[in-house]
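Next up is one chain by itself, shown in structure tokens, the form predicted alone.
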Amino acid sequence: MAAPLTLLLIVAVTIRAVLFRSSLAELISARVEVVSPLNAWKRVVEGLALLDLGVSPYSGDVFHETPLMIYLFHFTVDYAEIVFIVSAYFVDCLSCFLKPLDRAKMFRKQKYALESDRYSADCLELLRSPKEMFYIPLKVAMFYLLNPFTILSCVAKSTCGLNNAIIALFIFCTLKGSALLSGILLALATYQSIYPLTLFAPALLFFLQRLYIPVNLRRSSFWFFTLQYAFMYVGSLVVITGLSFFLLGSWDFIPSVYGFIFSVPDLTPNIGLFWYFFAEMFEHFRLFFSCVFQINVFFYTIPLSIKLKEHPVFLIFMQIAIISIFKSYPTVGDVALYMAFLPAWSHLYRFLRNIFLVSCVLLACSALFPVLWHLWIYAGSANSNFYYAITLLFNFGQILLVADYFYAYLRREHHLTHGLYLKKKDGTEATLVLK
């Protein structure tokens, strides 16, 4: 598999290098689907200019990245293109290492379940074979490196790619079994954009499962490890935040970064759900609806953690997808991260109900985004309603995709236990309904 992966890397590098040197780079970096007020490269350059002049980059309303990010580019600004390309390959390489770890665990789980008669006798065709899983790392690499969303995000120099690299490294360390590194990287991801806080639950469930500690509120071992992991996570977050204060000399970054994320003051159009609604709403309702919209990202964590407590890896995938849909300033780079892991769940394809419809919706919306933007901003023959309509459809497609995979995963687990061919008491074929 080394030869195809090497060829893939060469093709991906060539595509990015050509686009970086083309006239399209400036056009791509201005697209509202690709960059947001949080991760636009032009805003990073503005922040660096203020920092070089001895002025706080948070003194205006332009720069909203974290202090560690601006100090990273303070030393690497001349090599920014290399940094963004390397971050993309960093995610890809970690993804290739992730699946063998998960694959070994999957094989052990399947073997144990078959030997203990937990799986039905007629479900053998649902089990994953070594040959089927061998090429998953290559497919994941292809889905990420050649995804147009990833390429556009890289060429636009969106810092979203670096956030994706941190999350990928967190997942890698979690599956590797390193609780300390997992907690530190989760704290770093949370420090960058708050929303990865929801990944705490699946990471904790994974470690509990790995250490054979039951999720039981009455067990002291459960609380001991939970508090231990929470201490590593919170302690790392406090240290990183303190380091930011030490570098900057003030707490100005907290309202400029996290206050900006939660209050959504910049209503520049994007592929998210916030901007149009907040532009049309009365100001005295703003706080209420800010809470209502923001709670979507965090609300689903508890019910999903209860339902998928035995499947923390799939729960991580679900949470990353929910973050990319419901965050306040999403871009196509966020969508590319969770889509890269779709080949890992290729065994669910037979149970997907709406994959063709979802694929058509996402492809059509991706093509219509620039068309409707041009009609609205340049031609003047459309208005914001047209652009927001396609945004709603795009997010509807994502929600339908995630819900479809959730249904397929639960259905496969049900068939593994109760058999593939279900029958009613009278012997006729039964239909499985998810409630």
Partner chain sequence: MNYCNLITIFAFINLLVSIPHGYSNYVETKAGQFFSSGHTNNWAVLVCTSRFWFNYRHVANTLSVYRSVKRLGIPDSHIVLMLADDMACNYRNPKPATVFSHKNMELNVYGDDVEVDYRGYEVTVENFLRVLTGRLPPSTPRSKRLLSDDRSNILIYLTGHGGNGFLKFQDSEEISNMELADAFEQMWQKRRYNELLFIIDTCQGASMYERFYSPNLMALASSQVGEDSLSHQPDLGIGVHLMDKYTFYLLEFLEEVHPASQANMNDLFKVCPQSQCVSTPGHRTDLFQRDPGSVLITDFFGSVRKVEITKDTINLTSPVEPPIKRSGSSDIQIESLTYVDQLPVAEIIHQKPKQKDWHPPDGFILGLWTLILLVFFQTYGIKHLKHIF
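Residue numbers count along the first chain shown, from 1. Here the structure is a predicted model, which is why all the values come from computation and not from measurement.
The form predicted in complex with its partner chain exists for this protein as well; it is not shown, and the discussion that follows is about that form.
Enquirer: Please state whether all three residues 7, 86 and 189 have a non-hydrogen atom within 4.5 angstroms of its partner chain in the model of the complex.
Expert: None of them does, since no heavy atom lies within 4.5 Å of the partner.
Enquirer: Looking at 181, 146, 215, 237 here, can you tell me which has any non-hydrogen atom within 4.5 angstroms of its partner chain in the model of the complex?
Expert: In short, 181.
Enquirer: Which pick from 71, 258, 225, 345 sits with a heavy atom within 4.5 Å of its partner chain in the model of the complex?
Expert: Contact with its partner chain in the model of the complex is made by 71 alone.
Enquirer: Indicate whether residue 230 is a 4.5 Å heavy atom neighbour of its partner chain in the model of the complex.
Expert: Contact with its partner chain, no.
Enquirer: Would you please decide whether residue 247 lies within 4.5 angstroms of its partner chain in the model of the complex, comparing each non-hydrogen atom pair?
Expert: Yes, contact at 4.5 Å.
Enquirer: Does its partner chain come within 4.5 Å of any heavy atom of residue 126 in the model of the complex?
Expert: The answer is no: residue 126 has no heavy atom within 4.5 Å of its partner chain.
Enquirer: If we define contact as a non-hydrogen atom of the residue within 4.5 angstroms of the partner, is residue 79 a contact of its partner chain in the model of the complex?
Expert: So residue 79 does not count as contacting its partner chain.
Enquirer: Heavy atoms within 4.5 Å of its partner chain in the model of the complex: which stretch among 157-165, 330-338, 203-211, 238-246?
Expert: It is 238-246 that comes within 4.5 Å of the partner.
Enquirer: Counting only non-hydrogen atoms and a 4.5 Å cut-off, give the residues of 32-67 close to its partner chain in the model of the complex.
Expert: Sequence-ordered list: 51, 52, 53.
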